[in-house]
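Consider the single chain below, provided in structure tokens and representing the form predicted on its own.
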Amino acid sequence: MKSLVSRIIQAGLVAVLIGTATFAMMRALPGDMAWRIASHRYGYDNVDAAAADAVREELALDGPALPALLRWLGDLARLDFGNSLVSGAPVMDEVVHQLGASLQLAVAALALSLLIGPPLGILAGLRPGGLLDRGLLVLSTGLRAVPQFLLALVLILLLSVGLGLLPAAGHGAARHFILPTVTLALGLAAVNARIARDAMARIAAMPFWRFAEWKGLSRRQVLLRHGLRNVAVPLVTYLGLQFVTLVEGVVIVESVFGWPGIGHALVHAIFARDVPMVQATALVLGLGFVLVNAGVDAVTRTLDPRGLA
């Protein structure tokens, strides 16, 4: 109960901080905000000073900032995100639609990374210094050093432009998932593998592991009965931190592959100065971080209940 109340307070503070920070940053951006909004409403070729002035008057953009911020916070308390300044559609409807596309991509990437990284890390950790361990170190270091936008472009050049096997962009078919999912998953798997490797090597060197082998258990039996649960604790803990990496990657990967998710929408909203959309998307990402960390805490306490004593 105490943990739940703490998380609710944390979520409230995150909402206020993110809403205030995004509002201040959008107001501080250089350029004419009304002109930007008008150009995204009517198109760059159709906008003129009269259209920008009309938008400025309609949205009261010359008014004081503090009442506008307090009004948004009041609406937020009623779970009302307002309407988009560009499309006029309810922000909540757009965010729910875009969040679904992002979650599909994020879940697929996370699942693929868990299929690749931890098994390789466990095998490497069982034989520290071996060929697999050294090869995995080189591969994971290389993947972590390559920026995701560069990795995405390399995959597009190889698999789409060069071999013509997969579409370079798009959404709607299963084959559209492959390139953005692999781009996100490789970076996550590189870190997962190193976490699992270090945890496995540390656990395999502990006395209880040697005692289990001394009793006559095979290495496979020791791993299944005593190893996986201990490896899972640091791995699950790190998954909470990986959510930040995943959010950063989603924004980049969705922009590169034209994926209609919340990261893609956030970039477009910033260019269009669509303040309610920016606040809502940033808020959803921030609250997602709180939710993921709460889930990680719950799973970690289940795996290792010693902290509950």
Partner chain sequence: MTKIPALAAALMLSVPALAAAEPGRPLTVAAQFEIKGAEPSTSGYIFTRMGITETLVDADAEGNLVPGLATGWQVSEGGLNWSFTLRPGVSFHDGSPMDAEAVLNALTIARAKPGPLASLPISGMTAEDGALVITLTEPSAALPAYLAEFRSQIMAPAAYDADGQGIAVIGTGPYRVTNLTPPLSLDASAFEGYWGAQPRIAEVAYDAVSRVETRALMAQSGDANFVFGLDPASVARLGMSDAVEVHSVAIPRTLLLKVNAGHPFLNTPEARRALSLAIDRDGIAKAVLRYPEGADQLFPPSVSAWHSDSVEPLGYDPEAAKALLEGLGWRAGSDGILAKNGARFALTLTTYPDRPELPLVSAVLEQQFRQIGVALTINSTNSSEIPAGHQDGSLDLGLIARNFSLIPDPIGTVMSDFAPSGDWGAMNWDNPEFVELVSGIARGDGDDADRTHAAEILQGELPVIPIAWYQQTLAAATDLRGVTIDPYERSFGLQDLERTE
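Residue numbers count along the first chain shown, from 1. So that the term is clear: the rigid core is the largest set of C-alpha atoms that superpose within 1.5 Å between two forms. Predicted model, so just to flag it, every value in this text is computed and none were measured.
Unshown form predicted in complex with the partner chain; subsequent notes refer to it.
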Original post:
Based on heavy atom distances of at most 4.5 Å to the partner chain in the predicted complex, which listed stretch, 154 to 162, 211 to 219, 193 to 201, 125 to 133, is the contact stretch?
Top reply: 154 to 162
**OP:** Flag residue 244 as yes or no: does it have a non-hydrogen atom within 4.5 angstroms of any non-hydrogen atom of the partner chain in the predicted complex?
**Re:** no
Subject >> in the predicted complex, residue 54 touching the partner chain (heavy atom, 4.5 Å) >> reply: yes
**OP:** Spell out, yes or no, whether the shortest heavy atom distance between residue 45 and the partner chain in the predicted complex is within 4.5 Å.
**Re:** yes
Subject >> Non-hydrogen atom contact residue 175 with the partner chain in the predicted complex at 4.5 angstroms >> reply: yes
Original post:
Which one of 140, 98, 148, 230 is close to the partner chain in the predicted complex, taking close to mean a heavy atom within 4.5 Å?
Top reply: 98
**OP:** With the partner chain left out of view, choose which of 92, 169, 224, 206 has a non-hydrogen atom within 4.5 angstroms of it in the predicted complex.
**Re:** 169
Original post:
Should the three residues 72, 82 and 237 be counted as contacting the partner chain in the predicted complex, with contact defined as a heavy atom within 4.5 Å for each?
Top reply: no
Original post:
If you look in the predicted complex, which residues in 96 to 120 sit within 4.5 Å of the partner chain (heavy atoms)?
Top reply: 97, 98, 104, 107, 108, 111, 114, 115
Original post:
Any chance the CA of residue 39 moves 2 angstroms or more between this form and the one not shown, core superposed?
Top reply: yes
**OP:** For residue 270, decide whether the Cα shift between this form and the one not shown is 2 Å or greater, given a superposition on the rigid core.
**Re:** yes
Subject >> Core-aligned C-alpha movement of residue 48 between this form and the one not shown reaching 2 Å >> reply: yes
